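There is one chain below, alone, in structure tokens, taken in the form predicted alone.
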């Protein structure tokens, strides 16, 4: 497997979604009709990174990965069949611009797709006359919500993913893990919560100022209520980020400047769940909706998958509000630094 390559997203108002992803975010239309729009980023050469498809329920129909060879599609089909997962193969593809593909309902309940054959289109990396100030240049990653993070990690490691960073506590509870195929921090992340659901899809920009331009544009258009969180700097991944919501509430992250992870001995970065800088390096609040809201996913028949509750503690519950806490300085037990609370302790002020 090479990389996360595209997502098929079901939307309830195709025109409104087109205005969001094309007019606001500047994604390139490869082709479209009355039922679907195929979009790509500026540096992409395959047919699309995002399919918007009109449908009755807003949800994700496929998390799609490109594999290295045509034979890897065969291997994916056989591997999932051996796991007892439902699979469906289409030699002509499930969407335009993509050939022989297999879609599966994976062990976690997510709709995954694997393909190699693809239609090439013009890569616009050199078309600076087309670049807007907030240009999205690559699809960077997915983020998935699942009740059992350790199980999700074992499954993806068997599929060839590697963990780059994670969040846990002293009791061994795993709250989230970042996992990669390409040599960056992640192609997908597994976030502990009620699932299977899609937390967000992330597109990369070249620099921080591109993200700030998107914020300015959304403010000028009186769309600031669609900015859910950020801009800011993550502790996990070290990337600069912005989270915004499309007309159906699908969450989109705009992301830039993480780091290289391609060496075989790349060290795993482990974060304490109570470290106040894990989610935002500047210690800014994480809004509760970011922890609780996510998009439904579909089975291979197009029906929403049932959502299963997480049994282990939630990250929000242990870090936000009167019952939770987070700290800034682990080694400042006495609060000696300028008379502040021990460890930069915060209680209840992140709501």
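Note that this is a predicted model, so its numbers are computed, not measured. Residue numbers count along the first chain shown, from 1.
The next section is about a form of this same protein that is not shown, the form predicted together with another copy of the chain.
- Within this chain, residue 240 lines the site of another copy of the chain in the predicted bound form, having a heavy atom no more than 4.5 Å away.
- At the 4.5 Å threshold, heavy atoms of residue 91 stay clear of another copy of the chain in the predicted bound form, well away from it.
- Another copy of the chain in the predicted bound form is not approached by residue 18, whose heavy atoms all lie more than 4.5 angstroms from it.
- Another copy of the chain is not shown here, and in the predicted bound form it never comes within 4.5 Å of any heavy atom of residue 197.
- The candidate spot formed by 259, 284 and 329 is fully in contact with another copy of the chain in the predicted bound form: every one of the three has a heavy atom within 4.5 Å.
- Checked against another copy of the chain in the predicted bound form, the candidates 86, 123, 154, 75 yield a single residue with a heavy atom inside 4.5 Å, and that residue is 123.
- This chain lacks the partner; the member of 212, 204, 95, 173 within 4.5 angstroms of another copy of the chain in the predicted bound form by a non-hydrogen atom is 212.
- Contact with another copy of the chain in the predicted bound form, defined as any heavy atom within 4.5 Å, is confined among 294 to 302, 56 to 64, 25 to 33, 38 to 46 to 38 to 46.
- Although another copy of the chain is not shown here, in the predicted bound form the stretch 264 to 301 places heavy atoms of 264, 265, 266, 267, 269, 271, 275, 277, 281, 282, 283, 284, 285, 286, 287, 288 within 4.5 Å of it, in sequence order.
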